[in-house]
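Next up: just one chain, as structure tokens, the form predicted alone.
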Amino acid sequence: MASEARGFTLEWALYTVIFIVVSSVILGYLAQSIARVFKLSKAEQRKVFWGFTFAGPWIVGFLIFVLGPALASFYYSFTDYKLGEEIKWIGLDNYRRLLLSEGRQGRQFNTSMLNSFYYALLGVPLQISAALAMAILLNKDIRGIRIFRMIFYMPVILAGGPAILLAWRYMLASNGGFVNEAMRKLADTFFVFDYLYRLFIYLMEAFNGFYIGIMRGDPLGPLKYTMPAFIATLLLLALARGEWSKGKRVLAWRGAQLIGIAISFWLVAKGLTRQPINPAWIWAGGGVALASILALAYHNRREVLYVQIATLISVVAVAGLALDHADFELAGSEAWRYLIPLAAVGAAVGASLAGRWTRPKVAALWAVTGLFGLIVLASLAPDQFDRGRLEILTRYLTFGSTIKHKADLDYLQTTYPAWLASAVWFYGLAVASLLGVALLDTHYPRARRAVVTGALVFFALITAGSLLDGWRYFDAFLDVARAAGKPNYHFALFHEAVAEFPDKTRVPLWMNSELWSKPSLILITMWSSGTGMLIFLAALKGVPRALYEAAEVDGASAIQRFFRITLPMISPAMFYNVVIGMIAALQTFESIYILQTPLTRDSLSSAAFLLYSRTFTELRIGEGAAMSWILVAIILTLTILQFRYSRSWVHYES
């Protein structure tokens, strides 16, 4: 029996070797044929043949084990495929359910994505800070420094092991765990540390309680306007301070771009997955695409062709996928509401492909872009600002309240949030203000100062007014709960956390509470920051000592030398760690798989972990494939944006 098994294995191994050899030779001949078509010399053709033949095993392996499964996964994402059952084509339903948070699967995906963004937005900066601090400490010429480097790097070797992660579970135990016992001992010894320790617990639980309320979908009310207004206020404040410079123009332009890109992706994702699609999103998508094409053409960027082709493909995809699931017959009159914008967008993009770029052509396309924008405003604005919704601006500018029935729980939970206009309009106003400042630049200094000052005052008042009204909104839920004698379920963990300052017996419940589960994972990630430390250490070694000596002669302090010399010189290493750290944070899986408990499973679950659970535990291949492609799109977009906007702060030696 054993000899038969060995013979069977050897037989298939021989077949595999033959397949690799034959496929590599065929690939070599195919490459040689292509070289012959391009009329390369005989010697060059032989080089191409042998090059692709020897690279054939890797190329064939990539096609079979990477590209093939990726294409299959992309197909499965449009199907209702459960392992062992028949594959059923359902179009955009998987994406619609996930992106619109419909049903249990959609809500779980929304929670997991918010967890992943938590790890990325909080964990990555903390991990990079820890790595940089360790690198600075190890960049000292002292006795035994190599031993310290080995000690600091050791967590990288140990961190991925299940035994070490389980050890962390015991160390983070709420009762008797090493971390809590050590912190308690220090707090008992130093009264200043005791106060800081309890303040840390208070702030951490308040922040995580608020974040968990957002994850659960508790209505934010007026606070949804605070974030866009606050972001715009910070950017405009930076533009208003000091003299105008080229750097400020770049800040205004890139701020508008980043906010516009983020909102555009969000609108496209939400708009194109609704059933049926609102035709306004087709007009909006066409306007964004045309504006991007014109901007790239103005700067003579080669990417303009890619955007044109991608837009035309998108038009065909929307027509083929979205309209297939619309609630009407394509031959009916309702279909024209969709076919007209699709045809208009396709025709405009097709016109941009025809002929050379001339002034009349550019002017006509900008006019079409503006027309698309007016159609979107005419379609969406009445629904957003009718029935007195525009009143929110005057109320917040004068610190008034928009809440009319504070004692009605149904009004607070459903009617009031539905009545409020979308926060997207405030993001749009921020983009318009920043673009206006960037376009006015040095040509119209008085108009630029007027726009900056006016927009800064407007958004600052909106920030303060919406924040104050948000406070009233939260208090209204508390008042209703007290009057009814029932617990308050609106941001309950947040209210519980801020109700009183922690006493001396309060300890973090690292592995037993959803308030502390994500911080515990970030703590472990910071502990294993040795890889980033090595990269920073190598970069620090490359900073010329002469720069520090010159700065010392000029009287620069240690802090000034750090921010003016050290950080700019190690910016390539910083950029690398940010990109790699962001990707790793969005793909967090192993530590969650080992550390999660029934109490913290949902609060720890990342997008990658949910993808694994849905695909390999529940065997829902279609939903898992859709999750994977959404995650790919997010990671790819963030990586491209980081590369695109790194040129202003990453400095490479010439």
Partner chain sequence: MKRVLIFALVLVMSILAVVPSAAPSPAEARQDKVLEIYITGLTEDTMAWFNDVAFPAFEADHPGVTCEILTGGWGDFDVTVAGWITTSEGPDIIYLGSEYAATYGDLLMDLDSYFAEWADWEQYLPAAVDTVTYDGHIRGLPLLMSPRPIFYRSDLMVGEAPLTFADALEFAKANTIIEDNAAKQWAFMDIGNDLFDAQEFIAYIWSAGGELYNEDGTSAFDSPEVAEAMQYMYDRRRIMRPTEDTAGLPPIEGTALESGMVISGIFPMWAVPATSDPIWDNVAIEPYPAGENGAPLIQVFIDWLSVPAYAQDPELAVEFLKFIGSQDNAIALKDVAGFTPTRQDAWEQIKATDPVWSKLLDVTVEYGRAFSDIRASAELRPLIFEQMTLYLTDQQSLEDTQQMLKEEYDYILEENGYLD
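Positions refer to the first chain, counted from 1. Not measured: the values here are computed from a predicted model.
Just so you know, the form predicted in complex with its partner chain exists too; it's not on screen, but the next bit is about it.
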- One stretch from 220-228, 580-588, 75-83, 422-430 that, in the model of the complex, holds residues within 4.5 Å of its partner chain by heavy atom: 75-83
- Query: Does residue 469 make contact with its partner chain in the model of the complex, using a 4.5 Å heavy atom cut-off?
  - Reply: no
- Message: Although the partner isn't part of this model, could you tell me whether residue 69 comes within 4.5 Å of its partner chain in the model of the complex, counting any heavy atom of the residue?
- Response: no
- Message: I'd like to know if residue 49 sits close to its partner chain in the model of the complex, meaning any non-hydrogen atom pair within 4.5 angstroms.
- Response: yes
- Check whether residue 241 has any heavy atom within 4.5 Å of a heavy atom of its partner chain in the model of the complex, and answer yes or no. no
- Message: Within 4.5 Å, heavy atoms only, which of 170, 527, 202, 548 is in contact with its partner chain in the model of the complex?
- Response: 170
- Query: What is the one choice in 140, 443, 143, 104 with a heavy atom within 4.5 Å of its partner chain in the model of the complex?
  - Reply: 104
- Taking its partner chain in the model of the complex, which residues of 215-233 have any heavy atom within 4.5 Å of it? 216
